[in-house]
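What follows is a single chain, given as structure tokens, in the form predicted on its own.
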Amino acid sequence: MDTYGKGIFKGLMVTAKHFFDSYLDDIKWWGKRYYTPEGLAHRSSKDAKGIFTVQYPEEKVPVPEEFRYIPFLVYDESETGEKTIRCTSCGICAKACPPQCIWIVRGSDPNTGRPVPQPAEFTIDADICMNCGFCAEYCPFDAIKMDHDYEIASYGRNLLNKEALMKPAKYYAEIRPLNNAREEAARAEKAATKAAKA
């Protein structure tokens, strides 16, 4: 019986040490331990003492560049502000999607009725999406990319339509700068090769 009491006491002492270390570290950092990038980095390091949990939602751990969540559609903006969606409604993303949560309706010319390389409708069911990134991986036009925004909780079903999914290319460059730089270099090289052949 005495042995069990010592074990409980040792456990309580560990808890008390963390409790008091938190206050001592708060005094040492004096207002910079929480809600600052330096404080978050310190609490994530091996040198952290006391409480080191992230105070979500006021604080958020920075996500790595390769983090992926719900896909979004990329559009390019001209100098006049005109939006040109990269998607040609080829349907490769819908075919590659394991849970089959992407639905595309190809657009058509209102005068001739012939199909045009733009989606009239593009829907992703975020409740089914498993965030695998196959749609972005297989898209030949770099029209669909994986987002970093993971705070999309809602009271209803998350059926995201084309307007909700569209984000500018500069947004993609902000969240994935290294990937964007590689893609832009490949595009420039391709354009240079094409110009040299012409």
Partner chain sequence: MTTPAPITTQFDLAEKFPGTVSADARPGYAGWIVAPEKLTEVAIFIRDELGYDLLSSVTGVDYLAEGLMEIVYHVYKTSGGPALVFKAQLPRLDPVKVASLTPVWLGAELQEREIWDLYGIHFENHPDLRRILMWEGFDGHPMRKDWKEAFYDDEVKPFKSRWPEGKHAFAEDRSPFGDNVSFEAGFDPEKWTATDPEEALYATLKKYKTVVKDGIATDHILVNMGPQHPSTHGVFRAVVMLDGENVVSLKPVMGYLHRNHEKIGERNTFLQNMPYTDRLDYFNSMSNNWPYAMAVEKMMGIQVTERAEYIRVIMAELSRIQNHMILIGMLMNDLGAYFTPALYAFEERELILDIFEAASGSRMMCNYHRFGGVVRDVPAEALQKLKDLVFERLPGKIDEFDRLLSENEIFVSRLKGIGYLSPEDAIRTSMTGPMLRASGIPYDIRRADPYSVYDRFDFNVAVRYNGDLYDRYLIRIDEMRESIKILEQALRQMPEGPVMSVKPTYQVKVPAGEAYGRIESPKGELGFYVVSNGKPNPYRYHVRAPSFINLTSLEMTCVNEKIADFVAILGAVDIVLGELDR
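Here the rigid core means the biggest group of C-alpha atoms that line up within 1.5 Å when the two forms are laid on top of each other. These figures come from a predicted structure and were not determined experimentally. Residue numbers count along the first chain shown, from 1.
Another form exists, predicted in complex with its partner chain; not displayed. Remarks below refer to it.
- Contact check for residue 177: every heavy atom lies farther than 4.5 Å from its partner chain in the predicted bound form.
- Taking the partner from elsewhere, residue 39 is found to have every heavy atom lying beyond 4.5 Å of its partner chain in the predicted bound form.
- Residue contact check for residue 83: none of its heavy atoms lie within 4.5 Å of its partner chain in the predicted bound form.
- Among residues of the shown chain, residue 105 is one whose heavy atoms approach its partner chain to within 4.5 Å in the predicted bound form.
- Taking 151, 47, 58, 163 one by one, only a single residue has any non-hydrogen atom within 4.5 Å of its partner chain in the predicted bound form, and it is 47.
- Looking at its partner chain in the predicted bound form, residues 14, 52 and 92 each place a heavy atom within 4.5 Å of it.
- Along 101-138, residues 102, 103, 104, 105, 106, 121, 123, 125, 130, 132, 134, 137, 138 each place a heavy atom within 4.5 Å of its partner chain in the predicted bound form.
- Core-aligned CA deviation for residue 148 between this form and the one not shown: less than 2 Å.
- The Cα shift for residue 113 between this form and the one not shown, taken after rigid core superposition, is 2 angstroms or larger.
- Superposition of the core reveals a Cα shift of 2 Å or more for residue 13 between this form and the one not shown.
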